[in-house]
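One chain comes next, on its own, written as structure tokens: the form predicted alone.
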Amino acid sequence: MKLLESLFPTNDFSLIAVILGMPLIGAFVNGIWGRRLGKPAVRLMALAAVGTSFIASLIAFLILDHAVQAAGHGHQRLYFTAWEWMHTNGGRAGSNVVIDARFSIDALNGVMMLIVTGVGFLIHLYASSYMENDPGFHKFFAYLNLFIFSMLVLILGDNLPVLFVGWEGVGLCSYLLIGFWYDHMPNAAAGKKAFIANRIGDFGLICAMFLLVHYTGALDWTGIQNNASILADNPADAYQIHVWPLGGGTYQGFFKFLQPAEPFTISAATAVGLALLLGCAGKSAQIPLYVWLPDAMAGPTPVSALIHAATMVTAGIYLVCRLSFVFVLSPFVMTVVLCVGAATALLAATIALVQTDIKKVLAYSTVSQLGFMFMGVGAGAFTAGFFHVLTHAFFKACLFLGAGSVIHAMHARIHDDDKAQDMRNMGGLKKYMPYTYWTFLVSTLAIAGCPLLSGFFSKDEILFRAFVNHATSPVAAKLAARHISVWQQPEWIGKAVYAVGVLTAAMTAFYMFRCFFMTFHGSFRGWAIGRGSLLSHPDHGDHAAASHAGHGDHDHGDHDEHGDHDDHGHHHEDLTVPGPAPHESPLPMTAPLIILATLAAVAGILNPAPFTHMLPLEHWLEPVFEDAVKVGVKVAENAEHLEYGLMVPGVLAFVVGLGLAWAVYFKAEGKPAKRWAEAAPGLHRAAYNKWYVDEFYEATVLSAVDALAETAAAFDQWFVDGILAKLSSLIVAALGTVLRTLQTGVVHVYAAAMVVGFVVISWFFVAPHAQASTESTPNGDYVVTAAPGMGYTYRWDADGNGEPDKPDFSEQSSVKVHLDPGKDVKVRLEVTNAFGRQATVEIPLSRPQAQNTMELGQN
């Protein structure tokens, strides 16, 4: 360890460059030379890049742990500055804002980098077999390596601009990977949808960066944290943001009805928090920007696993955790985070209940679980929310890869893209795919909240903290002493969110076991589906075996010849030949499933509350969150006595969800569900169609954008091109014609033109010009200053009574006028010049009524 610490000192921790650089090198090599290298070399390059990055991450984590142990229990960071990026002046104090390409590792992103590189490596290994016959093999792994690199930049960046580079990088890579098979229109549309939805969230993050540099004068984590208190603690008007009227302006005349009795203001902390939340909601698929994530499953299944489990969607949760010290400054923002998470979790769960596409069920499950994570961080339980990120990475990656394994086997039999993913065509796969079955079962138990598995511990901790935690303003008492009120979170909100969370947990158990029973139990329904079934022997089992034998041993390469909705390289198949019976995936695909399922089962030991007070993860992350929790989160009295009691509804939710799914889909083979759907067809259809949210966006937002685009196009076509361009060309042509008539070559005509021009210019200088400018002060004083000129003298009528203040002209070029609120006057200025010519102008002055500024920080 000493050797490593001497090689990589904490303030120049160049091992970060290895962690970041390897995936980038892999992307570069495979992207440039992949086609010539061949698939074995591409596979080796991609796996070696991410594997080396994981090993380096593990070493860095051990060094960090040693540094923490050596320094005692404290917040330690390992820094690496790649290069100086830029400097700028910012903030109200005009401080120098240093923005370097600087990276750091601390307790929070140290765990994140292990998740990204570790789970990312397993997904790479799985994909190396899954995508083996795809013609874009090298391109796929170039994108996949670039995705890992971008995510590492995002989490290891030591300031917001560097994080934003990674933030945009994962957005670009998601667009490339979701639309990887871009010749299929739905895939290309899904890629565009993800890209555009994330750009909306990015706007919020950009606004947050501007606000932070304006108010705190810093963009790095340490600088923001040191100056964050001023966002909520400064009652000066400059630290209030006028939500209405915009910018604190005043509406007069026809628009006076828009003027509120009192302006509505929010604190800078609330503005920054809401802007950050918009960015996080876009990246982590929360209401109203969640719609892109379910469509993201259009990409290959390894991409879905990578996006849904280990990388992109966790970025929003990570950012909330990273800037927890900003979020806790505003109880209003914390409440919004809490409620958005609860609403998203419930809405997505209701949609997942009735979906029949196995990947759609998992996609809406991801949205719902992300809602749980937001509930955790919104309740101020940042460790619990982050713990769910960790456990979710294991069981959701395993579930998606397991679904990919199932789809792969189904398509080999059915030869149909959509039907191969439809759970109604599955069933009975347990006996054909034992490894996939057992790993899928473990992960299903984990996400459903089975006691003692990882999902139980993380979800139960979120529910418990939602009930007992209460967001509170750290400066409420201080501002109250100045008669400034601050919005506080009602205590009932946490209890309501707890109830929603328990209901959603029951739904989760139901739809996940519905998916499990429909896929692996009962009779295999795939014999009668697809073109291959037309030639199938009535004895499906024997025929399947014969068919299977006819295909040889059917290793993974053989499967690839049968096509797959998830595998673009499988489309050159003979659809007249019956497909083989489903069978297990090869070792490179099942090994990641086994590892991930094991982690999903045992990861709860990292934070096994409430059974023990030995909480390694909470102890590890405590230095990161302790300041935020201390100042912005209040825990109910005797909360520890409520922990076991509050655990009971969570366990019951699992039992009820599992029992209902077993009764409906295992024992009764789905017949009760059909009767329920027939009894309430409208409700079932609405849930199946995702509550028509996409249609609503199509009819409102997208239609409005289309209309705006069409209007702009028509304006460009008819006004800019049709009128301005043609009119200007006509004017130029006419002027050219006139000028050509003047270019006669006759000298005396030119002399006459010069004389006329001289007269016009002379007249301009001889005539006086009465012009003035006005400056005002807040106390109602207005200073009117006349413009200077050759030999000018002035005479004023400052009180507007129609009589000059002095009878004679003088050199007094300015006059001062005081107005009471709501008064106006017309100042009259007379000017004479050296030629005795005179000009007059009236300058109207008006002072608005006095405004009563609202007290600071209602939020």
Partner chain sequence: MPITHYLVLGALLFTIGGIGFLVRRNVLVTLMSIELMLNAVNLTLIAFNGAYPESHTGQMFAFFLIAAEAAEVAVGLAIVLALFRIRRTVRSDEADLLKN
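Computed from a prediction, not measured in an experiment: that's the story for all the values here. Here, rigid core means the biggest group of C-alpha atoms that superpose within 1.5 Å across both forms. Numbering follows the first chain given and starts at 1.
The same protein also has a form predicted together with its partner chain, omitted here; what follows describes it.
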item	value
Sole residue of 745, 778, 682, 72 within 4.5 Å of its partner chain in the model of the complex, by heavy atom	745
Residue among 752, 702, 452, 499 with a heavy atom within 4.5 Å of its partner chain in the model of the complex	752
Partner-proximal stretch of 690-698, 629-637, 736-744, 715-723 relative to its partner chain in the model of the complex, 4.5 angstroms, heavy atom	736-744
Residues in 302-322 close to its partner chain in the model of the complex, defined by a heavy atom within 4.5 Å, in order	none
Core fit, then residue 611 C-alpha moves 2 Å or more between this form and the one not shown	no
Core-aligned CA displacement of residue 762 at least 2 Å between this form and the one not shown	yes
Per-residue C-alpha change between this form and the one not shown, residue 499, threshold 2 Å, rigid core fit	no
